[in-house]
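Taking the form predicted on its own, here's one chain by itself in structure tokens.
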């Protein structure tokens, strides 16, 4: 019977069906960081449990690590303490850890694909909501809580509810100035922030087929914001080319054998889905969130609609009928596991070159990993950004969630390439976040307000 990739990978990793109806699923790759794992290590010690498969777990510091200076000890006492605790747990249980003194350190969802740890057909778990990112390479990747981190460390398994599968096809050509971030924001707006509850999202169609792995990661990253448990793209030649030669990917003949298997994992042509949705890529415009969840967005040329009693209007300072274009910003942030990869920085730098950040705007560029930072500096991107007035930082999550010194103050308005615009998400209880593509953030930083990036692209050489 024809099957989806979801069912092929799920069935291959099923240990048994539990009395609860859940599936005991074997986890091929476990990723941990300094925020959710220290408590899990304590739980293991309390029970006297070990870690039977330490070679399947990899750790990094990313959430709380400072980005202005990463010299140890960190000036942020909490960051230093949490890093020390993670270091102790990884030594005790034999887990490989990458700290800022290692060139492989970075945001967990950036480093695992770039190192080749993430591969098609895997089941992947991490104590972070945006683990769905790894689905871009044809994996089933689940964000989990601290108690589940403990479970994976102790048993290499998770108890999970089976999912339905929704196929989302995006077809056609994206117009200049429209990016993968606009695609996923449009999907979330169309289906709702709860629309994917109980589903795995399979992304396909000619638009997705043409996307790079970086772009696919942006789309899969925000699946969780649409309520989906996971999101994935079927592996293809783009996937295989991306993984070839990466440190943890198979090498030589083993890679060719693996690639042959990866190709077979793609959903069968006649696979049956629980639901199907189709979007026209040509109708998608540069998109900006205006509210307090990622589903509250509009195209940059559109007026905001909604019930004036919605708390988002009072919190954000908008009114129904207003345009988000022209909104003054105080902070511009380019980075995060959604849009902190080299291609994101390259596109932003292309727009920034020859311009200056508006005098009233604080602008940060935070590479997603040390490897991204090194590659960007080799291309001179850091000089383009700093000459324009951006701050060039070390690798980390930074202002995406502000569990570090990078925070909004008061009611500052931030143009952000990150993934969540919840109240308080960027460090200030009254701070406001407008999600958009890195190119849109760059344009807003220069203009000092939200602008249509397409007007700038017309003046930038290809």
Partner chain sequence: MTSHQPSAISHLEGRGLPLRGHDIDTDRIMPARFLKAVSFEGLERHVFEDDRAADPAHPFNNARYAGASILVVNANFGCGSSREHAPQGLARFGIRAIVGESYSEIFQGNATMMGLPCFTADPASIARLQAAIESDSGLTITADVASGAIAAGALRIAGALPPASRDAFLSGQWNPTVMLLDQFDQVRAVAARLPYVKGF
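Numbering follows the first chain given and starts at 1. Source: prediction; values computed, not measured.
From this point on, the text means the form predicted together with the partner chain, which you will not see here.
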If contact means a heavy atom within 4.5 Å, which one of 165 to 173, 224 to 232, 366 to 374, 98 to 106 is the stretch that engages the partner chain in the model of the complex?
224 to 232
One residue of 236, 214, 151, 87 in contact with the partner chain, assessed in the model of the complex (non-hydrogen atom, 4.5 angstroms):
151
Considering the partner chain in the model of the complex, which of 177, 121, 291, 113 comes within 4.5 Å of it through any heavy atom?
121
At the 4.5 Å heavy atom threshold, is residue 257 in contact with the partner chain in the model of the complex?
yes
At the 4.5 Å heavy atom threshold, is residue 391 in contact with the partner chain in the model of the complex?
no
Residue 128, heavy atom within 4.5 angstroms of the partner chain in the model of the complex:
yes
Considering non-hydrogen atoms and a 4.5 Å limit, does the partner chain approach residue 69 in the model of the complex?
no
Which residues within 1 to 30 place at least one heavy atom within 4.5 Å of the partner chain in the model of the complex?
12, 13, 14, 15, 16, 18, 19, 20, 22, 24, 26, 28
